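The chain below stands alone and is given in C-alpha cells; this is the form predicted on its own.
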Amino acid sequence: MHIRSLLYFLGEALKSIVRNGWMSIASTGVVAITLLILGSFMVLSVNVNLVTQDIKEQVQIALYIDESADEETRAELERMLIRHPQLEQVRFVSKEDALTRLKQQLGDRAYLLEGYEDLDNPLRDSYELRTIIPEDISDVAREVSNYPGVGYLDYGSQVVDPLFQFTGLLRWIGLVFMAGLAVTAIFLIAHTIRLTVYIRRKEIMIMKYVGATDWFIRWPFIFEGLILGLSGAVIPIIILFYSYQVADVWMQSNIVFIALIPPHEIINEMVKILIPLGIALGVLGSFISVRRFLKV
C-alpha cells in the first residue's frame, strides 16, 4: 500500500467518524464499556489465580509410615516414591525431626512435650510429598495409599478438593465470559459500522460501477473500525490504571495478608491484551459490515 493511498484511506475514515459524530461516539463508548468489563474481570481473575497459586504451592501429602513395616518394606516404599513421575518432592521426616518441629510450633508451650523423646516419642516417621501439578494431588494420594509400608496419609482433602474444583470452575467461567464479551463487541461494532456503510451505500455502488476494487472501497471502513476499536481500548486502560492503583493502596492498608499484582505489571498486561483486541474487534466488525454492500 502506497503512502498516498494510506493517507487517503485514513482521511476518509476520519471524515466518516466526524461526519457521523454521535454514532462514532456511541460505537467507541460501547467498545470501551465492553472492554472495561472484560479488563475488570481479567484483573480480578489474575489476582484470584495469584492467591490460589500461593495456596496450591503449600499443598502437600503427609504420608505416615506403618510402624510395623520392616527395613526392606521401608526401602521399597522410598524407591517407589522417588520413581513416581508425578511427584516433585519426596522429603523424609523422622519422628525425632517431627517432634522438634512440633516443639518449635508450640513455642512457649514446648514444655508440654518433655519426656516424649526417644522411645516415648508417639509420632511416626513420615514423608512429605509435593506433586508437580497441584491438581493431581488427589489421584496421587489414592495411588500412593496402596504402596507397601503406608500407614495412612493426609493432604487436607476437605479443603484442597473444593479449592481445586472452585479454581477450575472459575477458569471455565472466565473463558466463557470473555468469549461472550468478545462476540458482543464484534456484533456492536459491526452494527455501528453497518449503519455508516448503509448511509454511504449509493456512494459505494457508484464507486463499484466506475471500476473501484473491493479493497479500495473496503479500506476506509477498515481504518474507521480500527480507530474506533483503538479509541475504545485506550479509555478502559486509563480507567483500569487509576482504579487499580487506588485498590492496591487500599489493600496494602487494610488487608495486608493478601498481595495484589503490582499496578505496572497488570497494566502492561492489559495494554498487551486490550489494545490488540480492540483493534481486532474494530477491524473485524468493519470487514463483516461492508462485505454485503460490495455485492453489486
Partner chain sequence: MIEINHLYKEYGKDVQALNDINLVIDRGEFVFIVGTSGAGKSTLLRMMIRESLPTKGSIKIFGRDITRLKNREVPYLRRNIGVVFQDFRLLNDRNVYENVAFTLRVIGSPTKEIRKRVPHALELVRLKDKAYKKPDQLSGGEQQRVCVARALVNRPAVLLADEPTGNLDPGTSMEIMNLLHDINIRGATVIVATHAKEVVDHFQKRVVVLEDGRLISDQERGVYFNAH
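Not measured: the values here are computed from a predicted model. Numbering follows the first chain given and starts at 1.
A second form of this protein, the form predicted in complex with its partner chain, is not displayed here; the remarks below concern that form.
Participant: Taking its partner chain in the model of the complex, would Tyr8, Glu12 and Gly211 all count as contacting it (heavy atom within 4.5 Å)?
Facilitator: All three within 4.5 Å in the model of the complex.
Participant: What stretch, of 213-221, 146-154, 123-131, 164-172, brings heavy atoms to within 4.5 Å of its partner chain in the model of the complex?
Facilitator: Looking at the partner contacts, the answer comes out as 213-221.
Participant: So in the model of the complex, does any heavy atom of Glu203 sit within 4.5 Å of its partner chain?
Facilitator: Although its partner chain is absent here, Glu203 would touch it in the model of the complex, with heavy atoms inside 4.5 Å.
Participant: Using 4.5 Å between non-hydrogen atoms, is Ala75 touching its partner chain in the model of the complex?
Facilitator: Ala75 lies outside the contact set for its partner chain.
Participant: Against its partner chain in the model of the complex, would Met207 count as a contact residue? Criterion: heavy atoms within 4.5 Å.
Facilitator: Yes, Met207 sits close enough to its partner chain in the model of the complex that at least one of its heavy atoms falls within 4.5 Å.
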